[in-house]
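The data below hold one chain only, encoded as C-alpha cells and taken in the form predicted on its own.
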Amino acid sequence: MTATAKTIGVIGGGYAGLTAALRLAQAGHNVTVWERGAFGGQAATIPLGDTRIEIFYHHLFQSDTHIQALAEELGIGDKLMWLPSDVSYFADGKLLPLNGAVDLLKLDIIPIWDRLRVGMVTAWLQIQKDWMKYEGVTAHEWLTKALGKNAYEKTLGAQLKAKFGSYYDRVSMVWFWGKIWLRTKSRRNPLEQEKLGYFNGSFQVVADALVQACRDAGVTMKDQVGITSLDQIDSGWAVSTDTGCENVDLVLATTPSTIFQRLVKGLPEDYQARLNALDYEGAIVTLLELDHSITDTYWMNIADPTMPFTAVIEHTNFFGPENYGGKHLVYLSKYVEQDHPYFGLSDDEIMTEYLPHLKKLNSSFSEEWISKRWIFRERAAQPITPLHYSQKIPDLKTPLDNLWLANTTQIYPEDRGTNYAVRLGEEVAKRILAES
C-alpha cells in the first residue's frame, strides 16, 4: 500500500466496475466492490447443466480489442473462439439470408433498384470515418433521404423501428453509423464469412477471471448486496447498504444514471440535466431450451411489426448444441420503453403472446419442444443517443468531490457492449489516478 492510498468504493460489478477496481487496486488503493446481483452485469450468466449461459446474448467482434487484451492479461485468451456466424432477415412472412452483397441482391421484398440503393448506401457508410458529421441528423431522417421511402420502410427503417419502438425517429445517425463501421472493422476479409467471438464456457469465464484478479490484487468483493444511499461526509462518502454502512474516501458508481440519482442527494441541477439528456430503453429477453432447432441461422432481425419480439438469436447455431447436452438455445429479444406493459406481464403471459409467432418461423414448431424457459427484464438496457450528444455527455468526474460515474451513457460514439465497458473502466481508473 502506498503512502497516499485511498479507500475506494466501486458501486457495480459489471465489466466497467471490475476493470476499474482492478486497476485502482494495482495502483495501491484499498478497493471494495459492491454488486446487487451477480458479478458481470448484463453479461451475467445462469447455470445450464455443467456449463453456463448468458442471461442476455453476447458475442464479440474482431474489432473488440480491449476485452481481447484483458482476456490475454487474465490468462484466458485461449478460451476465446472465433466462430462463423450468419444473419437473416424476416419480412413479409419470409426468412431471407442477409450475409453480404449477394444476399442483398436476392432480397426480393424490394425491387432490384432499391436493393442496389441499399447496397450503395451501406458501402458509402463503410468508408466514412468522421462520425461527427452525423451528430445533427437522426438515423430516420438521413436513411429515408438516402434510401428513398420504400427501401427505407422495408429494410433499415423497419429494423430501426423494431429496435427502438417509439424512439425510432429520435436516434442520432451516429448510432447507425457506428453499427456499420463496427462491422466493417470487424471483417478482416470482406469476402469471407463473418466470424464472431465467444468464450468456451460462456462469458462467465471472463467474469470469474476478472473477479479472481481483483481478489488477488486485494479488492474486497461483495456481491448480492444492494446500495441504499451514497452520502457525502467530511472525510469522503458513506456507502449505505442492505447490511450496514462503510465510509470511503472516494466512490466510483457504474450504475445507470437513473439509479445513481436516486442514491445521491445534492447533485447540481445542471449536472442532473446532463444525466437526464439521455433516455434508456428497456429489454425483455426470453431464453428457450428446445429439443429441436427453430431455424438454421444464428442472428435473425425481425422486420415484421406484427411480431412481438424484434430479434431471434439461435445461440446453438453459433456455439453448437453438443455443448449443451444436445439441447438448442434460442433468445427472443424485445426492446421496449421503460413503461411498456410487458414489464407488468407474468412469464406465462409473455409466452402466451410469443408462442403463436414462433410457428411463422417454423411451421413444425410445437410448445412441446420447450424443455426450459427463462425470461429476463432490464429497464436500463439501451441508451437512446440524441442529436449532438458529444456536447451533452456527462463527464466521468461529477461536480461533487471524490464522486465519479462511469456507465453506458458515457460510451460514445460506439454503442454499449462488453468491449467498451472494459475500455470505460480503464479510462475512468486512469482519470481517478491522475486527478484524485
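Computed from a prediction, not measured in an experiment: that's the story for all the values here. Start at 1 with the first residue shown and count on from there.
If you look for the form predicted together with a small molecule, you will not find it shown, but the lines that follow are about it.
Although the partner isn't part of this model, could you tell me whether S202 comes within 4.5 Å of the small molecule in the model of the complex, counting any heavy atom of the residue? Outside the cut-off, so no.
Taking heavy atoms only, is G226 within 4.5 angstroms of the small molecule in the model of the complex? Yes.
Is there a non-hydrogen atom of A43 within 4.5 angstroms of a non-hydrogen atom of the small molecule in the model of the complex? Judged by the heavy-atom cut-off of 4.5 Å, A43 is in contact with the small molecule in the model of the complex.
With a 4.5 Å heavy atom cut-off, would you call R36 a contact of the small molecule in the model of the complex? R36: yes, in contact with the small molecule in the model of the complex.
At 4.5 Å by heavy atoms, is each residue in R52, S293 and W369 next to the small molecule in the model of the complex? Judged in the model of the complex, none of R52, S293 and W369 sits within 4.5 Å of the small molecule.
Which among 153-161, 253-261, 206-214, 361-369 is in contact with the small molecule in the model of the complex, heavy atoms within 4.5 angstroms? Within 4.5 Å of the partner lies stretch 253-261.
Just to be sure I understand the contacts: of Y335, W175, Y89, W237, which is the one whose heavy atoms reach within 4.5 angstroms of the small molecule in the model of the complex? Looking at Y335, W175, Y89, W237 one by one, just Y335 meets the 4.5 Å heavy-atom criterion.
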